[in-house]
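To begin, one chain is listed below as structure tokens, in the form predicted alone.
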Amino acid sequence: MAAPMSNVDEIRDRVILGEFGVRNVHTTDYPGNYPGYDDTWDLEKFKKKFRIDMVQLDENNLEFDMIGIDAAVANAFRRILLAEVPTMAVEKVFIYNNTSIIQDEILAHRLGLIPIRADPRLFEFRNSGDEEGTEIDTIQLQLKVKCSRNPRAPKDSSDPRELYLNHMVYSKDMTWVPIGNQADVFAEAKIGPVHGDILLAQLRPGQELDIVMHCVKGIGKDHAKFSPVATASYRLLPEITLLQPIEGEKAERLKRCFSPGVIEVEDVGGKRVARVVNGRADTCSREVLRHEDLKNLVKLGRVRDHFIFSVESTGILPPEVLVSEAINVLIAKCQKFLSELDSAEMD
């Protein structure tokens, strides 16, 4: 349970979830807004307050807390992750033969959305006027599959998996065709689709695909296929305050109003008493506010400058690398802005 806050502190630092609305949603920490508060931006004060806490990390998912910043900066970071961290994706599809039932443009679109395992930091952006790719800006992939009947299939079988060979075309059938010296430079890179089990098409005997693809470097702002994340989102840290002890049957009902693990009922001196265990797990459903005898015993809020980030990578790059690259993009934007200011002052 959090310590009591003054009204001004609450307005500045907390978003309050009420029964019929949400209060304190606007930023008010700018100079002169509240008497007695010095809200001028100070680098030393920011460095003292700002921190990043790693919460969970695995192969494709990262959760971390970013504390001590404004929502505008947090959202800029999220948008950079979605749209401005470059990746490699299929841009040009040369279809030499497609006798499947899938139209050329649909097949090309499916190929474009397949995540390609290739480190974009090792490649250059391709110039818009270039017709032919080079080893420094293009990855070439080939898809060549032909379906035929299985001569060893049981006579009474009706299962396509037994009757036909190569009737299911998967992303694993896309093979890398090195350009120039790529075979030597990227010998250990294992360039190709991130996932080999993505279904591209189904064929029948006599049908075939003969396709060459060119992958180039791009950003999600130009096309969603270049976005390196499946999702990148943030939410404010929930804060649940019990205004007075809640015991017995009320405590049990209070526990059911929140997500599992948020409220626990403990035995204290022979009484069943509710306690906030993990406010972070709350989904802020405000279910407790539907109960007349409980809604005035609980205060629901969110910490304004505590952001819980969730980053899920498509598998092209690890999530911690994506976060690092997004920070580099943000730094480059700031440096460009400062240089523009300097040039404007000189003019």
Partner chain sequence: MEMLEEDFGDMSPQQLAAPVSTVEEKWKLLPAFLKVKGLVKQHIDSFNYFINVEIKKIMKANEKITSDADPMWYLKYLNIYVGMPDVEESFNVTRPVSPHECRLRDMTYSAPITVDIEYTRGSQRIIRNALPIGRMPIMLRSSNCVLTGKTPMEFSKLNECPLDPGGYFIVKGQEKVILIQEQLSKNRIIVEQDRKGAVGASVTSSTHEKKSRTNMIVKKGRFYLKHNTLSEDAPIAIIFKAMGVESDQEIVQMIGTEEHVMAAFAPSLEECQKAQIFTQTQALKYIGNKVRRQRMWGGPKKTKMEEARELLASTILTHVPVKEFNFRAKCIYLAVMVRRVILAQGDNKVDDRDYYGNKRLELAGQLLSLLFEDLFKKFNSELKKIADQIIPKQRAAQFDVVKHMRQDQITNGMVNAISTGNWSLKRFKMDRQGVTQVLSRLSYISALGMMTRISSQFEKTRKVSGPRSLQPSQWGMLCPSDTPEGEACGLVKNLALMTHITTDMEDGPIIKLAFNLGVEDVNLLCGEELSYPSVFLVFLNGTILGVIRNHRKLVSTFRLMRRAGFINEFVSISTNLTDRCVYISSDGGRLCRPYIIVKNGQPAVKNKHIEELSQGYRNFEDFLHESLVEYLDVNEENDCSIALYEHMITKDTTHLEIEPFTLLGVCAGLIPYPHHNQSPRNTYQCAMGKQAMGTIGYNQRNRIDTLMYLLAYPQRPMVKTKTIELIDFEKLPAGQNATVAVMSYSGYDIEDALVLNKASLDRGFGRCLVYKNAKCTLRRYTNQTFDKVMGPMLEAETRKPIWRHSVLDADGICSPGERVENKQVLVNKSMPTVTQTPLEGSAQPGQPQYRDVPITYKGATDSYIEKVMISSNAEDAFLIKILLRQTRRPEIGDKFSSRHGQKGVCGLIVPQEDMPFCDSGICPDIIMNPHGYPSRMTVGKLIELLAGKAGVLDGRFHYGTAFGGSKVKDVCEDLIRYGYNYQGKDYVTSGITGEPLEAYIYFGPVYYQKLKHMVLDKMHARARGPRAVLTRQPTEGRSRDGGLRLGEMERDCLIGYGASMLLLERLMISSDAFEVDVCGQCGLLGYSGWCHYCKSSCHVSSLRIPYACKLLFQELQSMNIVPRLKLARYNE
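Numbering follows the first chain given and starts at 1. This is a predicted model, so every value here is computed, not measured.
Keep in mind that the form predicted in complex with its partner chain is not shown, yet the notes after this line are about it.
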Self-check item: Heavy atom distance at most 4.5 Å to its partner chain in the predicted complex, all of V25, R78 and R290
Solution: yes
Quiz prompt | Among the candidates L122, V268, A72, V185, the residue which, in the predicted complex, approaches its partner chain to within 4.5 Å (heavy atoms) | solution = A72
Quiz prompt | Selected contact from Q56, N296, N33, T283, since only one has a non-hydrogen atom within 4.5 angstroms of its partner chain in the predicted complex | solution = T283
Quiz item: Can you say which of 79-87, 114-122, 187-195, 130-138 gets within 4.5 Å of its partner chain in the predicted complex, counting heavy atoms only?
Solution: 79-87
Exercise. Consider H223 of the chain shown here, and say whether it contacts its partner chain in the predicted complex, taking contact as heavy atoms within 4.5 Å.
Key: yes
Quiz item: Heavy atom to heavy atom, is T231 within 4.5 Å of its partner chain in the predicted complex?
Solution: yes
Quiz item: Does V15 reach its partner chain in the predicted complex, with heavy atoms at most 4.5 Å apart?
Solution: yes
Exercise. Determine whether any heavy atom of Q103 comes within 4.5 Å of a heavy atom of its partner chain in the predicted complex, and answer yes or no.
Key: yes
